[in-house]
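Starting off, we have a lone chain in the form predicted on its own, written out as structure tokens.
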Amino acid sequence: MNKKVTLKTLQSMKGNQNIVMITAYDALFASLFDEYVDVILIGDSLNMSFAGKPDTLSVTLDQMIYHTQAVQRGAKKSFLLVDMPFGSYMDKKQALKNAVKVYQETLADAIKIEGGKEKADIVRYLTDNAIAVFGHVGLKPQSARSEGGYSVKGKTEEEEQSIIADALALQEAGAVAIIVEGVKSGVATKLTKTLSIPTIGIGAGNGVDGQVLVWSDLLGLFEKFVPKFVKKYANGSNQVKDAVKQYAHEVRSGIFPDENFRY
């Protein structure tokens, strides 16, 4: 697929072809991923993966805009989805003001906000004002402090019904797709069959309409911890260390640069 991926493209893929989503935060990696994925998520996960913070809560709207501007320079085809950071959509007016800022200063195709029924009015207000919104249910990283950490959702009948009700409320409010994170796979599958809009899973099994992973997890670069749902497609941290180790050795021993790398 060489054409620009649009919202209509993603909607047509539900039930027909799995959607591939990955995070990116700069032009270089966005350009490397662009050929192979459908959606690039400029995620607030950058606060943990690259800023070394304990959670996502302190990333700012200006930081998200900066990274989106970088990604759009490298991605020519992929649909661009931007996380709205914690504190940027606490009410309808604030949410619209900040979403408009994202739209005006970037080429974002949609924004993503976390929350269920309690965010439905905000989602409706945004969609009524020409903002495409992805919902996010299940494990919500921006709620980690208030919930005392990260835990898998959908373990009980009550949690299952709550997750499905949240997603249905967001769909009714006009959300164009739903991220389903850290949810028991059976619940995520049931949810996907219930909704008419696409679901993208992360730690939610393979019964959803697509998958997303943080790129540094996928490439094996993030070493602090590895969630159960992460499959490493490369041993990136060791490869990087080996390359830098070899570079340092050659510099210190005078091997580099030899005649092949001189003017």
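The first residue of the sequence shown is number 1, and the count goes up from there. All of these numbers come straight from a predicted model, not from anything done at the bench.
Separately, the form predicted in complex with a small molecule exists; it is not shown, and the next lines address it.
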Requested in this report: Name the stretch: of 175-183, 156-164, 118-126, 67-75, exactly one has residues whose heavy atoms fall within 4.5 Å of the small molecule in the model of the complex.
Outcome: 175-183
**Report entry** the small molecule contact at residue 30 in the model of the complex, heavy atom, 4.5 Å
**Finding:** no
**Report entry** in the model of the complex, residue 216 touching the small molecule (heavy atom, 4.5 Å)
**Finding:** no
Query raised in the report: Hey, in the model of the complex, is residue 204 touching the small molecule, heavy atoms inside 4.5 Å?
Result: no
Query raised in the report: Would residue 39 show up as a contact with the small molecule in the model of the complex if we use heavy atoms at 4.5 Å?
Result: no
